[in-house]
Structures are given as structure tokens and as C-alpha cells.
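As C-alpha cells, one chain now follows by itself in the form predicted alone.
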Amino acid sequence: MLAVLLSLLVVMIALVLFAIATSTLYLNTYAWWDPKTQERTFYGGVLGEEQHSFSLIMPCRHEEEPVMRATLGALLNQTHRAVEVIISVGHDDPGTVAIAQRLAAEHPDSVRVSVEGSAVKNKPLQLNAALMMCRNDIVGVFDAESIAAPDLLRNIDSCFVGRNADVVQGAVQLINFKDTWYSLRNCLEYFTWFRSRLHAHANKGFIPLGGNTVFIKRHLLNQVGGWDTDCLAEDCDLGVRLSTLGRQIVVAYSPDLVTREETPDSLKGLVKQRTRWSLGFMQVYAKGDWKQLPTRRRRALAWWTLMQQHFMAFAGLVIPIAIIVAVWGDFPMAVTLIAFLPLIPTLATIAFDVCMLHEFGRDHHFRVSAYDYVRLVVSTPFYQLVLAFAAVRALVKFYRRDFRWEKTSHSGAHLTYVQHTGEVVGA
């Protein structure tokens, strides 16, 4: 009897892991299913006349001046004419406040500083404080270490007009792929997320927004009360709430319009970042706003998307056990074969990633060597272990009600890559 129960358990775990891996493969390849789908993922081109004005929020905390200066310079270098920048800082961070005020003094007509003064500090609090200072039609968010493309806002403006959008999500691309063993995987993860996965979500009517290069109509942001200050994934939460309202959310991609960023500068930093994201997704799931989506299909997609972090934690716990049990458990041959079923979509995803690495290099004019392809494949299981560990850590923090903000530090590693293309600008 015990053997039968263990066999059933192994089969159930294998089927769940198979479903997770298959959905990942589907979302990662969505943009390439047919030429029409791929065409829909691009920007629609620039219209003749600018219709909107932009207020860009740049939240900063414990930042270095060269990093902030380069980010601000890229925002002020936009070809769109109606742009103001709000640098958002916390009152307990005097070093960054001083840098922000110095930069604003250099550009008094277009840059202002928002100093958030609450005792608890996090990004959504700073965003909401800055929102109160915004004066233009569209509010955009750029992280402190982001290099925006010069023509981005003109294309975003045209997206709002041509596609009758309430929200436009642009693409972010990590670029320092040669720096560490995990940075290549991290960069490719962003590539498939903004190139393919988000488009699949937008097409299905449910999308967890990103927190960078995202643009929302200001009156709509005020209508929904801005960002949730208790949520560690305030961007995902905002996307869920706007999806339930049936707002038109457009995701657009073009290699020459991505916002360039850096990977976390250490493995510890990556774990902290992923823990925060996982914990935030768990918070959004627990809030239950997604249950207000209008159709059962959308609610199912929302459940599946928001539960991914739980699945990741589940996989991190059971995969090693399942392999050991399947190999040494003396189960029937059929059970052992089913136990390895998740390997099929997993290997297909790795093969697809190799193709995507080639496209990533071509799109962003990076030379990808044979060594890079090898380390992409070899690093896969270790990278997944890191993500699984972060998800398990998030799950523990969730049940301990530990929602403290763990900031990702920025060293400006991406600036070297941007400088090689001659695109970095100083404020």
C-alpha cells in the first residue's frame, strides 16, 4: 500500500512540474509563434505630432552620483519636447538627497526633487510622494540605474494615441551579460520576459506590469490611488488592479528602444532581489484583487501567474527528492519514466534559450562567443536553484509576515556596455 501511495505521489509531482515547465516554454516562445504575433509586439511607429506631455519619476535610494547622472541625462536627452523629471528620494538618505538637489539645480526648468518623509521606506511610498508633484498627462517610472533610448517617449506617445492605450509598458534589458556566471542567464531572462512573456499576458487581458519604463495616464493613477505602499511588488499589483478595471494595457518592444540596466552586482544581491519579487507576488495573490477579473479564463491565468512563485518554491523543495526517489525508489518502470517527464519541456526551453541568446546578441550588437553558449547551458541548473532558493526564502518570510524592503544596490556596471555603443550621456 505504501509503495502505491509513493508511486502516486511521484506521478502527481511529475505532472505538476511538467505543467509548470510546459507553460514556461509556451510563454517564452509566444512572440515567435507566427509572423502576425511577432509584428504585434513591436511599436507602431511615430505619429507626426506629439499629443501628450510626460512626468518621469526617478526613484533613488543610496545611489552613486555617476549612476544617477547618467540616468537623468538619458531622460533629459529625449527627443520628445514635453518632459519633466521628478527625482524621488527619502529624507533619511542625505547623500542621495544632496545629489538629487545638485542635479535639479543644474536643470531648474525640467527637474525637481521629491523628498518622502515617512518613517518606513520603500519604493511605492517614494512613487506616491512624487506622483503628487507630477503635472503632465502621462506618468512614467525609470529606475535610478536606467538608460532610456533617446526616441523612447516619442514612440510611447504614439502608442497612447494610435492604440488608444491607458498604459504602455516598454521593455527593459539587462546588458552586462559577461560580468558574472549568473549575469548571462539574468540578461536572457529579461530578454524573453519583455520580448515574449509580457505580450502573451497583455493579449490574454491580464498582465503584471513591470516597475521600470512603464507609463500610465496620470488621471488614471490618481483614480486608483497610486501604488500600494504595503506591497513589495507594487508594479505587479498595479497591473492586476488595472486589468480588473478592463483598462487598455499595451506592451511594446523594439531592440533600439529598450531601457538598459545592470544585473545585481552579487549573488547575494540577486537572491535578495528575487526574494523581494517573489514575496511581492505572494502578497498580490493573497490580496485577491485578481478574483475580480471578468472571466473565468482570465482569473485562471491570474491564478497561474501569481502562483508561479509558490510553484518555484515547490519545485525547489521537491525536485531533488523526486530525482532521488525515482532513481533509487525501486518503482515500476512506468512511474520512473513519468518522473522524468518534466525534462522534455525543460530541455526544449534550454534549446530555445540557445536560439534566443543568438537573437539577443544580434538585436543589441553584442558579440556572443561559443563560451557564452556553453556557460548558458551549464549555468541553467545552478541559476534555477538560486531562483528556487529565493522563492523558498520568500515563502518563509511571507508566513513570518516579514515584508521589509531589501534594496538592490547599483554599481553602474551597465554604463561600460552603453559607453561602448556611444550612447551614454551626462546630465
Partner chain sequence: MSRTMTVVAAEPATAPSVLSQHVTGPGKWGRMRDGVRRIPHDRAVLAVLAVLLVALAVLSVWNITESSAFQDDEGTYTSQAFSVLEDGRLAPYTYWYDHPPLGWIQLAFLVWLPQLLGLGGDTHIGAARMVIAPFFVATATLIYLIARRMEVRRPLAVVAAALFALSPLALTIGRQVYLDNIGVTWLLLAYYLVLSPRNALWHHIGAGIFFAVAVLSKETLAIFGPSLLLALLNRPTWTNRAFSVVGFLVVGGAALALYPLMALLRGEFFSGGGHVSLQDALVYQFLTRSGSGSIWEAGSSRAELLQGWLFYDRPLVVVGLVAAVLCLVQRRSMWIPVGIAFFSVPIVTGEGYLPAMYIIGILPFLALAVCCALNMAWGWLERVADQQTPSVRRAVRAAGAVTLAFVILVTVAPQWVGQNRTLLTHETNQDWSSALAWVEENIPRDDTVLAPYAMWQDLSASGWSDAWSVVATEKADLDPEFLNQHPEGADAIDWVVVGPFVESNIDQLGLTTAGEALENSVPVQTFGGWSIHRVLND
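Numbering follows the first chain given and starts at 1. Please read all numbers here as calculations on a predicted model, not as lab measurements.
The next section is about a form of this same protein that is not shown, the form predicted in complex with the partner chain.
K.L.:
Would Ser158 count as a contact of the partner chain in the predicted bound form, using a 4.5 angstroms cut-off between non-hydrogen atoms?
P.N.:
Flag for Ser158 set to yes.
K.L.:
Any of the heavy atoms of Pro381 lying within 4.5 Å of the partner chain in the predicted bound form?
P.N.:
Heavy-atom contact with the partner chain at 4.5 Å: absent for Pro381.
K.L.:
Look up in the predicted bound form whether His62 has a non-hydrogen atom within 4.5 angstroms of the partner chain, and give yes or no.
P.N.:
Judged by the heavy-atom cut-off of 4.5 Å, His62 is well away from the partner chain in the predicted bound form.
K.L.:
How about Asp256 - does it come within 4.5 Å of the partner chain in the predicted bound form, if we only consider non-hydrogen atoms?
P.N.:
Judged by the heavy-atom cut-off of 4.5 Å, Asp256 is in contact with the partner chain in the predicted bound form.
K.L.:
If we take heavy atoms and a 4.5 Å cut-off, which stretch out of 112 to 120, 69 to 77, 340 to 348, 141 to 149 is in contact with the partner chain in the predicted bound form?
P.N.:
It is the stretch 340 to 348.
K.L.:
Within 4.5 Å of the partner chain in the predicted bound form: all of Asp92, Gly246 and Ala300, by heavy atom?
P.N.:
No, the whole trio is out of contact, none within 4.5 Å by any heavy atom.
K.L.:
Tell me, which of Met133, Leu220, Met307, Cys355 has a heavy atom within 4.5 angstroms of the partner chain in the predicted bound form?
P.N.:
Exactly one listed residue reaches within 4.5 Å, namely Cys355.
K.L.:
Give, in sequence order, every residue of 29 to 45 that has a heavy atom within 4.5 Å of the partner chain in the predicted bound form, or say none if there are no such residues.
P.N.:
Contacting residues: Thr29, Trp32, Trp33, Asp34, Pro35, Gln38, Glu39, Arg40, Phe42, Tyr43, Gly44, Gly45.
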